[in-house]
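This document starts with one chain, in the form predicted on its own, laid out as structure tokens.
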């Protein structure tokens, strides 16, 4: 009986052993991926002098990363002050360009150009707008040494002068608030020396037009109150349009994102002009100053409007070309600044 039990147990264990699956073999350890590091050489674009040699730069590094490494060795050249390019006569590389995606080997040579002292675009906009706002009010309140002594701190008897002051202050106040809370600048900085050119244009123009509009001998527009009301309507309409476009552009670009997108009309009727114009912010800005010119009937304002229109046309054409170059599906019906004209 015991022998039979042992035999049965042995047979059972043999069958169990035969049916048991084989143990899986352990997977061989994966070999670590080999990272090919870059060697980056930075030369002065004028003298070809070697300024820095960076060893073991990761292939995923961006141009901004390289600028930061360069800044550690040369404290006077912060990233915003640097311009790096692959060829002395080539275009500057963008901060977001990745090293391994550039047409270079494992040894990359960059040419460095010093852009000079830089200032943030937001700061520039604020200085440009605060100046005209304050300067115009100095003439409006007729502070001493501006007009004859008998007119010091006197008020104009013409309603249009007061309306013009409100419109001018509203325009620049709006621009200041938009700079602080709405605009997202694609370029972080500009050369510091340019601020004197920009401010002199805006500040001097504000003083020139304010002197004549608030002058004691100023005469109202030829068609009187009806002309002022029509001009005020144009001005306010275009100011609302300008704000709507700026909000649409802000919503199009996420904070910190430099990816460009095609702007399209939204539910806001003021943005429907996007169907015909690439830069409607300039279109509305032109309309605002045309309204202000019609309202004041003042030659300095007309001059400022014409010069501004020429400059905005240059900017709009450049932006329009950039859209056409970057987006193959860009709407062909659009014009840079004026529908079907320009």
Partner chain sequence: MASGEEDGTVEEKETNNKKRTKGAIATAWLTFYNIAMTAGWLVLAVAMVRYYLQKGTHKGLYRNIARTLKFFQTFALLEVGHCAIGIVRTSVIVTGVQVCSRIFMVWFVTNSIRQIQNEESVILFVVVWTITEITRYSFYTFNLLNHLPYFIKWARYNMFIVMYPLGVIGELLTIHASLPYVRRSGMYSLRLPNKYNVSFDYYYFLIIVMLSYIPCKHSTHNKTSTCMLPFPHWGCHVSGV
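Bear in mind that the values here come from a model prediction, so they are computed numbers and not experimental data. Numbering follows the first chain given and starts at 1.
The form predicted in complex with the partner chain exists for this protein as well; it is not shown, and the discussion that follows is about that form.
Of the stretches 121-129, 188-196, 211-219, 245-253, only 211-219 has residues with a heavy atom within 4.5 Å of the partner chain in the model of the complex.
A residue is said to contact a partner when one of its heavy atoms sits within 4.5 Å of a partner heavy atom; residue 296 meets this definition for the partner chain in the model of the complex. Taking the partner from the other structure, the partner chain in the model of the complex has no heavy atom within 4.5 Å of any heavy atom of residue 287. Residue contact check for residue 308: none of its heavy atoms lie within 4.5 Å of the partner chain in the model of the complex. Interface residues of 300-338, taken as those with a heavy atom within 4.5 Å of the partner chain in the model of the complex (partner not displayed), are limited to 300.
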